[in-house]
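The chain below stands alone and is given as C-alpha cells, in the form predicted on its own.
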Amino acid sequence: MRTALCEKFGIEHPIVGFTPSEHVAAAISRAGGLGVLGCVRFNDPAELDRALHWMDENTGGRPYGVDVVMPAKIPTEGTSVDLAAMVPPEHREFVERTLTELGVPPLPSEERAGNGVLGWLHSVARSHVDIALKHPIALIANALGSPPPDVLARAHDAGVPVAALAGTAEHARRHVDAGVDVVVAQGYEAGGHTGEIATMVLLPEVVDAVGDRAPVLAAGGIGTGRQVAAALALGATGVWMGSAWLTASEYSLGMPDSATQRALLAATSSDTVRSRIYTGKPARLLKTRWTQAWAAPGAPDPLPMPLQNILVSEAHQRMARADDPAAVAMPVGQIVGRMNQVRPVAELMSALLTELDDTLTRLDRLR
C-alpha cells in the first residue's frame, strides 16, 4: 500500500520505525519503511557521527531519519549552574538503597557511570542536529514537540522535513503553526513520553485538526497489520512504531540476549506503568521491581527533567548490566503483550504487511 507518506519520503510502505539501534533502523529502511534512529543515547557527537556513517553505508540507499529530544524552551545549562548539585541527597540515598535491595551490583570499574543524562540536555540535542544535517537524512523528529524556530529553519534550509509528537489536537495545531511538517499523534498506549488520550480517540481528533495541512502518523499501541489498517481508516497517512522493534534480533546495543529483552518477551499488555521516574516527564515503562519501588509508600516524588535523568542515569546502566529481568528500566508501550518472539526486522515487517493486506481484503469484502 502506498499513501502520501510513501510519496513524500520515497518509501515503499507507510511505516516509520523509531529505535535507539542503528542496526534496527537500517533494517527497517531496507525493508521499505523509514527507519528513525533515536539520538538520545549518544552522549558523544562523534559516536553519533559514526553511527550515521554506518547507516549511510548499510541502508542500501534507502531513506532514514533521526529523532532528538529537544525542548522548545531552553533549560538552565552551562558551567554557571551545577545541575547535579540540585539533586536532593535523600533522592540519591533512595536510589542507592533500592538498588541494594534489588541486588543490582555496581558498574564494572572500567565503565564510566552517569553519562546517560547528557543526551537529554538541550545543548547536546543541538549537537545531534548539527551532526545529523551532515548526513543525507530524510527526517528530523523531535520527541518533545516543536523544536525551536532556528532549528526548524536550519532543517528546512537543508531540505529536511521535521516531525513532532502530539498528545492532543491543540498540540498538533501548535506544531503545524510553528512550521512542523509531519505530526505524530501519539496515544496513551505508547511507550516512552505519552499523554492522557488513547490512540483510537486522539488520532481522528488530530487528523480533523491538521490533516489538511500536514501528514499525520498514528503512534501508540501499534504492532500488527490490523492496527495499521485501523490507523489508516482513522485518517492517518502512516504509522509510527517504536516498541514493536525492541524484540527484533538486530536489537542488542552490545548486549545480546539481554535481561531487558527477556523481560519484554515475558510481559503482557498489563505489565506497563505510566510514571515520571524515567525522565521526570510522564512515560510508559515496563512494570518491574524498580517501578514498584518508586510507587511504594515513602518513596520520593520524581524530580523534574533533567534532574531525574541525572538521578537515575547510573541506576539504569547498572540494571542493564545486572542480567535480572525483574529489575530493569525500559520504556515500552502496551503492545508489549504481543512482543513474544525475537525475529529479524525483515520478518517482522513481512508479517505486518501480510496482515495489513489480509485485513484490507477482508474489509473490502464487506462492501
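Fair warning: this is a prediction, and the values are worked out from it, not measured in the lab. Quick note: we count residues from 1 along the sequence shown, nothing fancier.
Not on display, but discussed next: the form predicted in complex with a small molecule.
**Item:** Heavy atom of Trp290 within 4.5 Å of the small molecule in the predicted bound form
**Value:** Residue-level check for Trp290: no, no contact with the small molecule.
**Request:** Would you please decide whether Leu246 lies within 4.5 angstroms of the small molecule in the predicted bound form, comparing each non-hydrogen atom pair?
**Result:** Yes.
**Asked** With a 4.5 Å heavy atom cut-off, would you call Gly242 a contact of the small molecule in the predicted bound form?
**Response** Answer yes; at least one heavy atom of Gly242 falls within 4.5 Å of the small molecule in the predicted bound form.
**Asked** Does the small molecule get within 4.5 angstroms of any non-hydrogen atom of Ala125 in the predicted bound form?
**Response** No, no contact at 4.5 Å.
**Asked** Among 217 to 225, 126 to 134, 152 to 160, 99 to 107, which stretch has residues whose heavy atoms lie within 4.5 Å of the small molecule in the predicted bound form?
**Response** That would be stretch 217 to 225.
**Asked** From the list Ile310, Ala31, Val69, Met319, which entry has a heavy atom within 4.5 Å of the small molecule in the predicted bound form?
**Response** Filtering the options by heavy-atom distance leaves Val69.
**Interface residue in the predicted bound form among Leu52, Met330, Ala327, Ala27, criterion: non-hydrogen atom within 4.5 angstroms of the small molecule** = In short, Met330.
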